[in-house]
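Given next, in structure tokens, is a single chain: the form predicted alone.
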């Protein structure tokens, strides 16, 4: 949202700049567009580090016309609340998991099909190409502008009661999943009690034994210190988690074309940097989680997990469209 209100400091600075001999220059400026950004992970997570890089580059490339105020650690609410804020225009920008996005654009949850992507390079090829762009464009209809895909990495299972090596090890465990029908169906197929829950409630629920397990990428497991309430981590890599960067459409439409282009191009550019942070952090964080007492199962039977979740893949590929799913699978 464009803001015309100037801060007291800004007014004072402008006034002093007019007084001879004060030594201030004409470089004192207030941003023409002051944007509120919000996301859920903490300051050391690649979401935040990527957004800091993005904000700095946008400020430079717009000559200070755009300032992005970053709010991490759920300061402005959980992911669904933030995405709803984009629609209202009360929040201008976010980087989010796909968890709540199916409630806004159902087709977005196609990326949550278990074992859809062979590896990270396959995911990048799909999401940075025509398929990914067509999914982001669907957000226009619900008052949101899709800019680019950053990432959260591949998702893994953590448990408190027992290690997970085979799909059968999940039977009877109460596991927190995102508010996502595909994820819920996948874990119910394993015999788990798949419980959708907002992220802000998860640590306490694990701590109190209300949940036995959860699943997330390594940077989330590490930065939220889940090793304090979970004993085992199994590197199943069952789902890849992209992190769309989304802008309020109300805000987008108020931005002049040159700034729109900067916002778009810079989000695409920073994707490589942000993804690189994920890769750099993962191996280091696995070692640190081990050092903190967590048992890491590096080689669970991924083929068995793939086979066990295959009926869910087949069920939902019909929902999203077999042609779309096959285009993703066949991308080289």
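For clarity, every value in this text was computed on a predicted model and none was experimentally measured. Residue numbers count along the first chain shown, from 1.
Not on display, but discussed next: the form predicted together with a small molecule.
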| item | value |
| --- | --- |
| Site test, 158, 282 and 286 vs the small molecule in the model of the complex, non-hydrogen atom cutoff 4.5 Å | no |
| Interface stretch in the model of the complex with the small molecule - options 125-133, 141-149, 170-178, 187-195, non-hydrogen atom within 4.5 Å | 170-178 |
| Residue 93 within 4.5 Å of the small molecule in the model of the complex, heavy atoms | no |
| 4.5 Å heavy atom contact, residue 79 to the small molecule in the model of the complex | yes |
| Exercise: residue 216 in contact with the small molecule in the model of the complex, heavy atom 4.5 Å | yes |
| Residue 274, heavy atom within 4.5 angstroms of the small molecule in the model of the complex | no |
| Interface residue in the model of the complex among 97, 248, 230, 236, criterion: non-hydrogen atom within 4.5 angstroms of the small molecule | 97 |
| Candidate from 252, 199, 115, 154 lying within 4.5 Å of the small molecule in the model of the complex - any heavy atom | 199 |
